[in-house]
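Next up is one chain by itself, shown in structure tokens, the form predicted alone.
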Amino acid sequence: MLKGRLLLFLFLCMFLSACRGGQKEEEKASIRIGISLYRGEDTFINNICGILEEKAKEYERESGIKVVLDIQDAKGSQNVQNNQVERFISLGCDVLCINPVDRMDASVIIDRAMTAGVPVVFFNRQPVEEDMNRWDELYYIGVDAKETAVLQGKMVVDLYREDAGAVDLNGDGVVSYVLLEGETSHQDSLIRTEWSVRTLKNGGVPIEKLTGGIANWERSQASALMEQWLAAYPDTIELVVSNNDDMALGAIDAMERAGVTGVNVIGIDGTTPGLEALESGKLLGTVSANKELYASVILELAASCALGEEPPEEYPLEGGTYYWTPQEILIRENKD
């Protein structure tokens, strides 16, 4: 009798274990990733998002796990993004990938994710350290803004040392420049502005700032500013330093309308339109992150979180939280 009860107990254990195993396998057959973009029309974000979709398909083929990407555009509104996060959680998303609208106001997103137990992978716009330290299921993927800026300045320093006349276009011993900045609240804009200029000075390039302005990363705003500057400083501007490629292209648009040629323009991001301008000779140079790797890390880390696995070893995280994507200088002479 006792032996029979023992056998029955063991059978029940095996049955329940098999049920749990089957449920676990069913959960692993598909993962849902909620992605919210601060502004979908941002060229760099658009590039990353396109590659991310390709990487999801590759992951499906290689792992056999279906990946559902729910991509939403917050259109620059933090309230809209907060609502999108609520929707993702209500739909049962396994992980969130958030490109925050306001890096200083990520706490609401974190609160909701923590309550629901849904990991968050932030990217491109880095939340403040205090927020990132609140939970061990928060991650950030981006580029080192200081490194970006130093590389941008270095491309001009190297060119000046090789041929001063290629930068000091009028030969007066001073390189007169204008500066196009991104958002005032964005840490990358502040750091890029500071360290690009500092690198130029430290590198021995004699620079003089004519003017500068906030163009919020946007091509049209930069074009409007550059049009004003060309009128205010005719035949004076020798260098345009831009916090990103879109604004650099806006400056080029204005110069083309005004019939101005020869001015050096440098950007950041290595976007598809930026690389096209580099190829055509309109853009002197840009600093490009490895976007294939950037998107791969987002997808692989998100998938690991969704499956309850450890972060992928091939992408080591600084402090278990941060991944910094490598960058390189692309300039007309050595872009290949």
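Here the structure is a predicted model, which means the values were calculated and not measured. In case it trips you up, residue 1 is the first one in the sequence shown, and so on.
Heads up, the form predicted in complex with a small molecule isn't pictured, but that's what we're talking about next.
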Query - Contact test, all of 154, 286 and 332, partner the small molecule in the predicted bound form, heavy atom 4.5 Å - result: no
Query raised in the report: Pick from 85 to 93, 68 to 76, 118 to 126, 198 to 206: which stretch has non-hydrogen atoms within 4.5 Å of the small molecule in the predicted bound form?
Result: 118 to 126
Query raised in the report: Taking heavy atoms only, is residue 181 within 4.5 angstroms of the small molecule in the predicted bound form?
Result: no
Query raised in the report: Is residue 219 one of the residues lying within 4.5 Å of the small molecule in the predicted bound form, judged by heavy atom distances?
Result: no
Query raised in the report: So in the predicted bound form, does residue 59 come within 4.5 Å of the small molecule, heavy atom to heavy atom?
Result: no
Query raised in the report: Is there a heavy atom of residue 186 no more than 4.5 Å from a heavy atom of the small molecule in the predicted bound form?
Result: yes
